[in-house]
Structures are given as structure tokens and as C-alpha cells.
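Quick heads-up: it's one chain on its own, the form predicted alone, in C-alpha cells.
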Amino acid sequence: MSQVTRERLFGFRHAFDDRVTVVLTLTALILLLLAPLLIFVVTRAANSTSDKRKELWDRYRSWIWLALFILIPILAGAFWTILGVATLSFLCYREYARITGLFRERTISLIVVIGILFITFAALDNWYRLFVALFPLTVALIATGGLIPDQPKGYIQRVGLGVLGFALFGSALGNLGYMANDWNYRPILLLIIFAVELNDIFAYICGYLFGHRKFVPNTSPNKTVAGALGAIVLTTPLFALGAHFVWFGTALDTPVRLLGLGVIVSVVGQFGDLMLSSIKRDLGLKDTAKLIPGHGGILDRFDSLILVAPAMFHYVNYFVGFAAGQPQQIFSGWEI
């Protein structure tokens, strides 16, 4: 393993080489420090009930842990980042399998788990060909594994649920981990996560202030057309500005391409949220779990990121690529 690869995987001392990483990390810390004061002012001004105050404080404490869960692996090195994404994948799949009943199909669930493990290895190894091949291969294995119980009735349902689970929480989220093979992965990942969260906030604020016409009332009654459009208008230029500094001087660094990337992040992020809302509506659920006080489950908090990860990966990969010039197959013994 070369010194450059070792520094990317484990080099914490390079955590703040990029100014975008510094700005975003400081912004997160400042927001966490200011949040208690804002909660105090808002609850006093609105004369909130004790239940509402408790909900806000629960959300704040949860955001502290979520911020640590996000920041520490990303700053610590690509190795820990990819493992962090793998952990997120497993937690999301666990919730999905429980709410859909797929956990009862042990063979299919085992194949999905093994598929996520191989996706994680391919990302750690920077083995792109294996990474790409794992989706069709795992889908084929899930379709085969669904035959083992010898129960034709329900075959389409259990295989379909298994394929969807791996597609979303193995393959799609795996793109987020694979981005860590780029030397400049820290600002990229932090920018994506910040943009996705801001997108949700902007949609809520714009919907609250200007929303009258419902967007998809049967799927998500609180979503409005004004909220969706407002999020696009506000998120797109902010993300494009941050992306300009991340990919400065590259083929991606043109106004049209940067704005296109911002639109993709905002629109796809909102559809990720609606996707999970549709799943929960279909199952008659409010939240996927109660793991995070004030937020629900892991899926409830990171739903927008699931579809953004592959969309972002392939858009950027088309123009500038990821991990350009980085050694490949670094653990499998054929570093090239």
C-alpha cells in the first residue's frame, strides 16, 4: 500500500486540508452550540407546552449524536468513512426488513447482508469493476435464493422486497462510500449531507410560509408545491457555490453543470423523502423505528440521502470521475 493511499484511508492530519471542510465543520459546530439558545427563545416566545419542549430537546440531543456519527468517520479517514456508510446501510436494511416482514425470509436477508459486505469491500479496495458487477450478481442471487423455500406463492413479493432492499441500502448507499476513494472526499461528502438536510429545512419553511396547494397529498399530506419549488430555488445555488470550490478548475466547474448538480441534489433528495413516505403509507406506519428520539428511525432521518448518493456519484463521475489516479484493488493484492 502506497503512502498516499495510507494517508487517504487513515490520515486524520489531512482532515482540514480543504477550506470547504473547515467551513462546513465549523458551521455544524456553531449550529449545535447556538441551538439550545434558539430552542429556549422559541419555546418561550411561543409559550410551548412541556411535550413540545421535550420534543425539541430530544431532537437536539439526537442531532449531537448524529453529527458525531457523521463528522468523526469522515474526518478520521476514508477507511472509517466507508465503514460508517456500511453501518448506515445495515441499520437502514434492518429497519426496512422489519417493517416489511422481509426479516422472516432468512435466505434472502442473508444474501442482502453478504451483498452489502461485498459492496463495502469493493469500496475499501477501490475495485470499481467489482463494485459495478455486484448489483446484477446480487440480484441474481436473491432471485435464486427465493426459490429455496420451494413456495411459488409469494415468490415475486419476497424477491421484489429483497431486490429493492439491496438496491436502496446496498447499491445506492454504497455509492456514498465509494466516493471516499477520492482524495478530496471529505468536502464532497459533507457538502452532500449539508445540502440534503438544508433541502428538507427549506422545503418545510417555504411550505409553511407559502404552501397552499398540496404536492402529493396521498403520499405525504404536509408536502406542498411551494415547499418543493422553494427548496429547489434555495438549495440549488447554495450547493452550486459550494461545489464550485470543491471542483474548482475542473470540467464540472461551469455554471450550467454546477447548477444542474444542485437541481439534481434538491429534486432527487425530495423524491427520496417521498419514496420512504410512500413505503410507510403502504404499510400504515408513521415512523420506521424509534431509534432516534424526536426523529424516528435511521431511515426516517437519512431517506433523502439514499437516492441522492447514486445520482450525485454518476453525475460527477461522468465529468471528472472519482479517485482519478488513485491506486485500485489495494487490499486484494493487485494494486495498479
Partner chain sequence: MGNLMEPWKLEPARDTGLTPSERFRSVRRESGLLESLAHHVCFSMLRSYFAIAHRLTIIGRDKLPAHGPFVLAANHCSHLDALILGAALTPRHRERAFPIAAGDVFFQSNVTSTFSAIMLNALPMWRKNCGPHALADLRRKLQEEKAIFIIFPEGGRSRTGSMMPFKHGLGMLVAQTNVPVVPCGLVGTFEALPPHRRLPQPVAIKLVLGDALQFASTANDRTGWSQIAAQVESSVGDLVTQSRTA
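Predicted, not measured: the structure shown is a model, and the values here were computed from it. Numbering follows the first chain given and starts at 1.
The same protein has a further form, the form predicted together with the partner chain, not shown here; the description that follows concerns it.
- Taking non-hydrogen atoms only, Gly101 approaches the partner chain to within 4.5 angstroms in the predicted bound form.
- Proximity of Val42 to the partner chain in the predicted bound form falls outside the 4.5 Å heavy atom cutoff.
- At least one heavy atom of Leu161 is located within 4.5 Å of the partner chain in the predicted bound form.
- The shortest heavy atom separation between Arg106 and the partner chain in the predicted bound form is within 4.5 Å.
- Although the partner is absent from the chain shown here, Arg94, Leu285 and Leu291 each have a heavy atom within 4.5 Å of the partner chain in the predicted bound form.
- The stretch among 181 to 189, 255 to 263, 76 to 84, 110 to 118 whose residues place heavy atoms within 4.5 Å of the partner chain in the predicted bound form is 110 to 118.
- Screening Leu147, Ala140, Ile72, Ile156 for any heavy atom within 4.5 Å of the partner chain in the predicted bound form leaves a single hit, Ile156.
- Annotation for 215 to 248: no interface residues with the partner chain in the predicted bound form [heavy atom within 4.5 Å].
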